[in-house]
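So this first bit is one chain, no partners, the form predicted alone, shown in structure tokens.
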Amino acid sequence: MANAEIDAIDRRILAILQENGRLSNQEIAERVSLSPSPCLRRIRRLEESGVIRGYVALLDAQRLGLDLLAYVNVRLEKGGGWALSPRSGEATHADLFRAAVQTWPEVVACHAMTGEMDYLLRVQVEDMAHFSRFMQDHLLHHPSVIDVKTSFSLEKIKETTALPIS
């Protein structure tokens, strides 16, 4: 959905849903001064267009025993990065790495990056022993990985899933 197709009411609906996705359609409609039917049509249109990707419960990592948050920069073998597969049809280092990342539950986010490193991983684990096992058994064991640099989070200053849509 193009930005021009999202009006002020849609933006208010999205802001409300980002704050509390469990509100009923009736409650949302009241907050945006619409009757329930047009409000529901707008929400369904936003869902169908992919602006609203889904609804989730946000969990507290520390209360689940996942106390260690690490950001890991990863550099792959030459020709890695995010390049497309060669014409030969063989998988690149990037293809192999991206597939492996999908199987590692400790990696809660992975981004292809510009600059000296190819990928940035957000890794959430129980403790340093768990992180060490992840590094040794998975990341450093991966044949495409040639360098990693890790930073550990000391304190959460701000974390939000809400996008700045206003």
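Keep in mind the model is a prediction, meaning the values are calculated, not measured. Numbering starts at 1 and follows the sequence shown.
Keep in mind the form predicted in complex with the DNA is missing from the figure; the text below concerns it.
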Candidate stretches 111 to 119, 60 to 68, 25 to 33, 127 to 135, one within 4.5 Å of the DNA in the predicted bound form by heavy atom: 25 to 33
How about V51: is it within 4.5 Å of the DNA in the predicted bound form, going by heavy atoms? no
Evaluate S37 for contact with the DNA in the predicted bound form, applying a 4.5 angstroms cut-off between non-hydrogen atoms, and reply yes or no. yes
Indicate whether the DNA has at least one heavy atom within 4.5 Å of a heavy atom of R44 in the predicted bound form. yes
